[in-house]
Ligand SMILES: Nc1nc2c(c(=O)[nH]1)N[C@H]1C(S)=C(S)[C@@H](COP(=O)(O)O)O[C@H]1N2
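Take a look at this single chain, the form predicted alone, given in structure tokens.
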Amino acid sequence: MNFGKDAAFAAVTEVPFNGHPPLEALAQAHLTPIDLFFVRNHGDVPLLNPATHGLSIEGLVEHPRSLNLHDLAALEPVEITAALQCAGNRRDELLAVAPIPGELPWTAAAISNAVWGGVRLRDVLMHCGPLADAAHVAFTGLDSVSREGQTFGFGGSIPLAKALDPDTLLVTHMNGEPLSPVHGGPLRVVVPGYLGARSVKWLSTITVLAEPSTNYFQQKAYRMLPDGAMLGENAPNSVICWPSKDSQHPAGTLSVLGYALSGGDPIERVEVSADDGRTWQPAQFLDEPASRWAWRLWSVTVEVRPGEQQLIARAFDAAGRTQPRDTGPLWNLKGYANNAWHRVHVKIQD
């Protein structure tokens, strides 16, 4: 079952279903078509009935509530354009440094950009009244995942301040269409600027807590080992989508296309080098961002000479943060958060 994905969509695993579009396709449209939007699952996709789907809000709140989708639809509707990125995006480059057992070999295509429609999580939380010692908001989905001898729904949490950000949404629509099951329908949370694992799908329970969630995927899986730091905000990142690795091109000028994003301050500029980082050319952004959370597509034309050549991209955000030069120091036991300079080798003909 390919869940309505395009024929060009590449499945990384069939069960559970995980996959991504061709990397070059990501640079073709500001909004990623749903049939090409990447998929990250840890269990089978549950098929839920929107008419009966319920959401419970519990924990450190004055007024616990149970809501359905009709209740949520009575709140102010909002849309936000945001990119979601898997924590393992670009893991294949870290695998070239050293093995990473048990993790999917994601390329740089484990990311996509969409318009998400729904309601503000803040509006729901404020109706429930978080108590004084509330500090984190946990989410639990209705999928079924087995780890360490236990079966449970995928979950995670974010700080209360991020949950109260007006751009953090409870989502029912994606690119103007009802949210499909493979992307978390009928209800998911979207936490823009954070790794995709915090945007829990098939959302059934919101729990307000004093501490982060105890769910396996918060406490053990999505951590930066060996130091154990919980993953949250995306770091500045840029990727060359075209030309593709080891592709052949005539000498002269070559168009380079890519994407860039950041989880904090917006991306301010992207630079590309065709001479191993000795000189850099500024790329041009292809459109104005619909929000601070959307990725930036960019292009630049570089001069290439006959022989093997390496193209490199790096991005800078508005706070001056940029990408580290090499992947080696970024290698970690889970293969997360690779944001080194992105390099693509090409072959230039006479």
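Here the structure is a predicted model, which means the values were calculated and not measured. Each residue number is its position in the shown sequence, starting from 1.
The form predicted in complex with the named molecule is left out here; the points below concern that form.
Q: Any chance all of V39, D143 and S199 sit within 4.5 Å of the named molecule in the predicted complex, going by non-hydrogen atoms?
A: Yes: each residue has a heavy atom within 4.5 Å of the partner.
Q: Could you tell me which of 237-245, 252-260, 182-190, 223-231 sits within 4.5 Å of the named molecule in the predicted complex, going by non-hydrogen atoms?
A: Among the candidates, contact is made by 182-190.
Q: Could you tell me which one of A109, A138, A114, C86 places a heavy atom within 4.5 Å of the named molecule in the predicted complex?
A: Selected residue: C86.
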